[in-house]
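In structure tokens, one chain follows: the form predicted on its own.
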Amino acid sequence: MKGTKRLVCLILSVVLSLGLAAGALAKEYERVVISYTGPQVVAGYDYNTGDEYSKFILEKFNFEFQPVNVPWGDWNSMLSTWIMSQDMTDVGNFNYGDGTHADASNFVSQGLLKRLPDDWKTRWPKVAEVYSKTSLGPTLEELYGGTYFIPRARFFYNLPGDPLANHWSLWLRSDWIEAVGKEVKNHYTIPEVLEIAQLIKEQDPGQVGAALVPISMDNGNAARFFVEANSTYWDTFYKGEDGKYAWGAATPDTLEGLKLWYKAYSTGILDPEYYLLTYEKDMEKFQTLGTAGVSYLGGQTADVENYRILFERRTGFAKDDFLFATLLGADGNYHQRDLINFWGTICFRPDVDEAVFERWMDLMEFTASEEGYPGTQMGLKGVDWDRDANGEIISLVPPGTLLAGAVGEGKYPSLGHVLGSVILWDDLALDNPNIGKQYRDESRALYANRYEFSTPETFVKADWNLWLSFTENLRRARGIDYAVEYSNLVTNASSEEDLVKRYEAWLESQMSLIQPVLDELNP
């Protein structure tokens, strides 16, 4: 009899536990209206009725969505104005960075954003776990004495390393590299690229003729290629071995990068009109016209396949003629400051309705989970994707299906980072079966060699003391447009010797901006 009673109690206990668990998973919500601001909002698109993924999310969490698009170029100014005027939406995606930190600090000090409850990490543990991997989140929490911003992590399940490597890569014509007798590999130093470009110029392996552009880059990307890839602190300050801060523009590595830039420009292997190219026109010469041999742009994870598909479709050349590679400095090392594992931060208006706040936090908890995060890029579970017996993500759609995309092109225009995503696409792209495994493996290898070919001195972690500083002197110094300034030195020089003289004169001319900052950093 006692055994029977124990069995009944055990069964009741299990049933009760299952019931509670089911209740937690199938939470019933009263309907609310949630407004949201961000540049990734598809302008004019009705997320409430637009596609099956957005309808699934809105029905699951029972809310009406009122998204507001802000243009990319006006993202900071418009959202900051609305926050300052206390007219922001319930939820905002704030573009946190060292240039916007002063505004953010002002918002917090004036009580213009919601301070998350002290127990939020226990209530939404998956969001908290993602938050802990962003570096920025915990740093700001310590600074502000509480949580006001939730950074969206670039990587979580597939974090490549700490510090975080950037996704910028060389774009090269592998068929042209082979034709001029050079090795096809996934990493090159700047001098190696210039040597290849010179051979392409001399031999014209693609028979392009007068339209041939060995290296095609706009002004900003040229600065990244020649100077940033050779000089870790090319546009900022750094703490030297003596413990004192110095100006990175004045280092020998920066001058070496400028000399390489001048060599490419003066010999004609760099597009002579590079400084006139508008945004993405350098990409066009490589990817659409097929007249360029080398470019330098974003290109990791999903991009390594998508850009190849576009290349093949637009130029008519085989997609395997498109090579991605890591760019190394003249010293053979990879140079970069920590990308920091976030992009965009979620914040709430200070008087946001508690039900609205909790609903959005629940949504972010779902999109951070193993159940929910694949859907932000792959659509509906059981329709577009699922997991196999080993827990691996599998695709349920025909190859080549465009899930995310513009209205009228993609199956789900709502896919992306608008509907509660706190893990960005960079992460899932390394597991996404809709991207060929060979390309995912290639992307992993590119990330890996950035760590292999670096040192703690050339690939460095964030200096939060500097990153979070926002004195008026530093604000003025950060206003220097290094890409333009360096380009002017290169294009106006008559020789390498003249370049050095112009560079030294330029350094001296900037000291009225630089010295006050050094005095503050080195009291």
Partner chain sequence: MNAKVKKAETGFRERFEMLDGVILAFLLVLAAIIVIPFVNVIATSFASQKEASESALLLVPRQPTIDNYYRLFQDPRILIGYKTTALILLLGVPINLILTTSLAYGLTRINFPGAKFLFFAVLLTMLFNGGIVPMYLLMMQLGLTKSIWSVILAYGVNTFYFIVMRTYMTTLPESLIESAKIDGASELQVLFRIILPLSKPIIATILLFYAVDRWNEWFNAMVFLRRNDLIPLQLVLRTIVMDSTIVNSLSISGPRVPRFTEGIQTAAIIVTMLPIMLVFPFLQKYFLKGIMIGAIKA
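The structure presented is a predicted model; accordingly, all values stated were derived computationally and were not measured. Numbering follows the first chain given and starts at 1.
Omitted here: the form predicted together with its partner chain. The next part is about that form.
Novice: Just one of 194-202, 381-389, 310-318, 130-138 has heavy atoms within 4.5 Å of its partner chain in the model of the complex; which?
Specialist: Single hit among the candidates: 310-318.
Novice: Of the residues M283, A249, L446, L170, which one places a heavy atom within 4.5 Å of its partner chain in the model of the complex?
Specialist: Flagged contact: M283.
Novice: By the heavy atom within 4.5 Å rule, which residue out of I394, V407, V184, A355 makes contact with its partner chain in the model of the complex?
Specialist: Checking each option against its partner chain in the model of the complex, the one that comes within 4.5 Å is V407.
Novice: Check K126 for me: does it contact its partner chain in the model of the complex (non-hydrogen atoms, 4.5 angstroms)?
Specialist: K126 lies outside the contact set for its partner chain.
Novice: Can you work out whether D74 and its partner chain are in contact in the model of the complex, taking contact to mean some heavy atom pair no more than 4.5 Å apart?
Specialist: Heavy-atom contact with its partner chain at 4.5 Å: present for D74.
Novice: Would you please decide whether I435 lies within 4.5 angstroms of its partner chain in the model of the complex, comparing each non-hydrogen atom pair?
Specialist: No, I435 sits far enough from its partner chain in the model of the complex that none of its heavy atoms falls within 4.5 Å.
Novice: Check N306 for me: does it contact its partner chain in the model of the complex (non-hydrogen atoms, 4.5 angstroms)?
Specialist: Taking the distances in the model of the complex, the answer for N306 is yes, it comes within 4.5 Å of its partner chain.
Novice: Of 60-82, which residues get within 4.5 Å of its partner chain in the model of the complex if you count heavy atoms?
Specialist: If the 4.5 Å heavy-atom criterion is applied to its partner chain in the model of the complex, 60-82 yields P67, V68, N69, P71, W72, G73, D74, M78, T81, W82.
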